[in-house]
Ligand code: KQY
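Next up: a single chain in structure tokens, the form predicted on its own.
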């Protein structure tokens, strides 16, 4: 039975584990809204199904679907994937779903952040987001896990942790006035410390160029193990991403983690700049309650937006000349995991990628 806990994870000795710690499963939502996904969502559904199928080889996957898509999703997904009715406005569970925390006794609870579709009424990506706001609570009730209700508008893609007290984020996102305009930087830091039980926050200035989430960290860089970070990179100094990545690299080189260790940074070259084609844009419904997706729009492509499963890393690929090098580098960084590439342009067209559409549920066991 799920109950709302009135204290905080820190007060109860719960912490957010690193993504490489053991999972009991992975959560996803099913894409269908035609103002985000072209051609009624069919190409995106095929891509989501490939991701779910790959992850389900290593851990249980649950896909939440709206009622009118249950039979379609059930037919498209392998039988080993659990499909449940779970209403949502779109399919970005990393951002609207629960963030899980664990204690040293193997207990798991969840955090329900406030969600405003990446900007609220003035700059949100779509409206309404009322069903997305309920996703975290429903996940926790389905699993019978207790729930912390955090007083902060935040998305799961805006944070990365090492499980040992260090958090990565960007100023561009968490300090953006369209999230928590009445909270100061120190107040936001205090909330993160209380709800994620971290002791050090490393603030990077900006996220990936043209990322419509206002610069989520999970598209720019992430921990791959304690003290080790993968960072998206480009050698093209004329690309606006170059200055963003170079600034992040310099800052990370000067930082230490919560335990005082210097950071080891590995560059992963981004795919070549990608842009929405006219054919792709023509397949998307145009409405006044969603962000425009015109032809020629630059897509925020990055190999960093991967998912770490129990025995694998699920990597977005783009039929790009840099795909092979990215896969090879991640195989070096994760020698104990299979690295599986999934062609993910259809997910990118909607504004994110594999990490954005997944949310790990930890088992509560500390070992990886």
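Positions refer to the first chain, counted from 1. It should be emphasised that the depicted structure is a prediction, and the values quoted were computed from it without experimental measurement.
Below, we turn to the form predicted together with this ligand, even though it does not appear here.
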Exercise for the section: Decide if the three candidate residues 95, 212 and 293 all line this ligand in the predicted complex, where lining means a heavy atom within 4.5 Å. Expected result: yes
Exercise for the section: Report yes if any heavy atom of residue 350 sits within 4.5 Å of a heavy atom of this ligand in the predicted complex; otherwise report no. Expected result: yes
Handout entry: residue 344, heavy atom within 4.5 angstroms of this ligand in the predicted complex
Key = no
Handout entry: Interface membership of residue 148, this ligand in the predicted complex, 4.5 Å heavy atom rule
Key = no
Problem - 4.5 Å heavy atom contact, residue 175 to this ligand in the predicted complex - result: no
Handout entry: Among the candidates 201, 125, 281, 86, the residue which, in the predicted complex, approaches this ligand to within 4.5 Å (heavy atoms)
Key = 125
Fill in the blank from the handout: Answer among 215-223, 188-196, 236-244, 138-146 for heavy atoms within 4.5 Å of this ligand in the predicted complex: the stretch 215-223
Exercise for the section: Pull the contact list for 148-165: residues with a heavy atom within 4.5 Å of this ligand in the predicted complex, in sequence order. Expected result: 157
